[in-house]
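This document opens with one chain alone, in structure tokens, the form predicted alone.
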Amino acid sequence: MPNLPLRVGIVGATGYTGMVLCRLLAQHPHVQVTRLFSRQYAGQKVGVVLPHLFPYADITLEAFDPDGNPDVDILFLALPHGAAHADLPKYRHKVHAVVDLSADFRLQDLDVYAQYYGMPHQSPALVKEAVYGIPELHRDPIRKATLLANPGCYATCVTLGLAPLAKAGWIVGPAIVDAKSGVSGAGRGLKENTLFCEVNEDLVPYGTVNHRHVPEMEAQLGVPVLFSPHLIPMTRGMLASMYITLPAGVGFDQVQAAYQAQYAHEPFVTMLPPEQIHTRYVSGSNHCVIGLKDAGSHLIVFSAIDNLIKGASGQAIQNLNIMMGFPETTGLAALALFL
């Protein structure tokens, strides 16, 4: 293990997930962010480009050179999908560990990756090395990882919501998922369909059935997922309502017991009554709240997270903590903002 504090670099520091990484890591006692990379703002001070990140004000943003030496212990990649897989072999072994927040190393099936992301994967050997990072489900392999594939936000929300059922084999037929996410999930890039006038006072489905997070969900749950996401006019937050047919003979008491067994000792997952599953109860935090509703031979599961934190940057730090042997909650103690 490298000496403490760990020297950390963030590639894509001026995107939403990069900015959230900066904010959260400023509270982490065992790391020091020493390099911030941004192609768009290279050469400018953080204090000019992102003045809310006060601890980093004097750091000069740099263009990331994959052929150079990052000169850090830990490298977070907060890049668009498709931007990391070709170049990662050039610098992979120049750092102790890489945490990739894009989708480039999440899918073990490279044909599925090409189908959903529209390009062939350039680093198949590294795909086999990468560990998929939902801590509540893969803590042991994460401990040994040095290349961490951070899951997608919808995939995290849905997989945590349904994992106890999948583990018990209690999902009959497809899992039907209706999910809604704030606009920050679309990233910081300029897009017409995420302009204020386009999303305000509106609710719209998108990516129905073929959303890119579906193969992640299906790989983790082992069942087909019929998925319909929606864009809602708020900045952050995500809530999934999931409709499940249970096997004959499986009662609601058994289901509750399975969720209690799975999550009773998890620091970032809390079971609540369905009417208490609000996005505001997790906004700004690394928490996931899950609620269950008895519907006879069916079950309705509600799951909510902050898409930028438990769905991205916070989970990335949770994974880093496990990889480096720190207490899992280090730097992630903040509660929900609520207001």
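Residues carry their position along the shown sequence, with the first being 1. Just so it is clear, the structure is predicted and the values come from calculations on it, not from any experiment.
FYI, the form predicted in complex with another copy of the chain isn't displayed, but the following is about it.
Undergrad: Using the partner position in the predicted bound form, report whether residue 302 sits within 4.5 Å of another copy of the chain, counting heavy atoms only.
TA: Residue 302: contacts another copy of the chain in the predicted bound form.
Undergrad: Quick one: does residue 184 come within 4.5 Å of another copy of the chain in the predicted bound form, counting heavy atoms only?
TA: Output for residue 184 is yes: heavy atoms within 4.5 Å of another copy of the chain.
Undergrad: Decide whether residue 205 counts as a contact residue for another copy of the chain in the predicted bound form under a heavy atom distance cut-off of 4.5 Å.
TA: Residue 205: yes, in contact with another copy of the chain in the predicted bound form.
Undergrad: Could you confirm whether residue 239 comes within 4.5 Å of another copy of the chain in the predicted bound form, counting heavy atoms only?
TA: The answer is yes: residue 239 has a heavy atom within 4.5 Å of another copy of the chain.
Undergrad: Please tell me whether the candidate spot formed by 190, 234 and 337 is one where all three residues come within 4.5 Å of another copy of the chain in the predicted bound form (heavy atoms).
TA: The answer is yes; 190, 234 and 337 each reach another copy of the chain.
Undergrad: Quick check on this chain: which one of 254, 200, 115, 260 has a heavy atom within 4.5 Å of another copy of the chain in the predicted bound form?
TA: For this set of options, the contacting one is 200.
Undergrad: Though another copy of the chain is not shown, can you say which of 278, 35, 39, 30 has a heavy atom within 4.5 Å of it in the predicted bound form?
TA: If I apply the 4.5 Å criterion carefully, the residue I get is 278.
Undergrad: Among the candidate stretches 158-166, 139-147, 265-273, 123-131, which one is within 4.5 Å of another copy of the chain in the predicted bound form when only heavy atoms are counted?
TA: Looking at the partner contacts, the answer comes out as 265-273.
Undergrad: Which residues, if any, of 6-20 lie within 4.5 Å of another copy of the chain in the predicted bound form when only heavy atoms count?
TA: Contacting residues: 16, 19, 20.
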